[in-house]
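Shown next as structure tokens: one chain only, the form predicted on its own.
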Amino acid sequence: MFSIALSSDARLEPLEVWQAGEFAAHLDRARDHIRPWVGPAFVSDDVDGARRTLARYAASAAEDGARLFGIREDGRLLGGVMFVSFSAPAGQCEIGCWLEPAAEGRGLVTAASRVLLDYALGTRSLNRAEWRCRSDNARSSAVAERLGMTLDGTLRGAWLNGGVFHDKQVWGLTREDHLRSIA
């Protein structure tokens, strides 16, 4: 297993099926805060649901697809980042995130997302990374901006959550732009 430093006390690590109990406990702390912003299939309500979520991402990662990574501070799971989608043949991926309220404002999601961008656009040479979020999620939009992404557009009424359709922003970053920004 790998572990990448994000700060002096925070690390990025893969989330695996055997960690379902810890993941479920984390979601208990984060659920109400993240539910408006993430898909319902992600926000499990018990250990079995957490195990299913982790297993779904593990199976996808084994096929070189979507995958999940946890952000830990002093060993405690506070949130994470993910490849919501990852397609080397198509040259594209989508990055997403979630975080407990107590961990916000420390730059952890931005730092972790940069690791994923470096991997996708640098190491794997994908052509494009996307960040999609509700258009009223200012914190998420701010992360996309800090990552150097461009707002490509807003999809009106594109995301159903809680019985309500919301507008969704699509942010993008090409490999060329990313490599230019880190040179």
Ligand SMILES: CC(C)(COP(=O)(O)OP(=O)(O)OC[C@H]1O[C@@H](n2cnc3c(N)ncnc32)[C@H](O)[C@@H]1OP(=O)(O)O)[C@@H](O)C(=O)NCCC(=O)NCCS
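In this text, all values refer to a predicted model and were calculated from it rather than measured experimentally. Don't overthink the numbering: it's just position in the shown sequence, from 1.
One more form of this protein exists, namely the form predicted together with this ligand; it is left out here, but the text below deals with it.
Segments offered: 143-151, 46-54, 120-128, 60-68. Contacting this ligand in the model of the complex at heavy atom distances within 4.5 Å is 143-151. Although the partner is absent here, residue 133 lies within 4.5 Å of this ligand in the model of the complex, judged by heavy atoms. Although the partner is absent from this view, residue 99 contacts this ligand in the model of the complex, with a non-hydrogen atom inside 4.5 angstroms.
Contact annotation: residue 108 falls within 4.5 Å of this ligand in the model of the complex, judged by heavy atom distances. Contact check for residue 29: every heavy atom lies farther than 4.5 Å from this ligand in the model of the complex.
Proximity of 19, 23 and 76 to this ligand in the model of the complex is absent: no residue of the three has a non-hydrogen atom within 4.5 angstroms.
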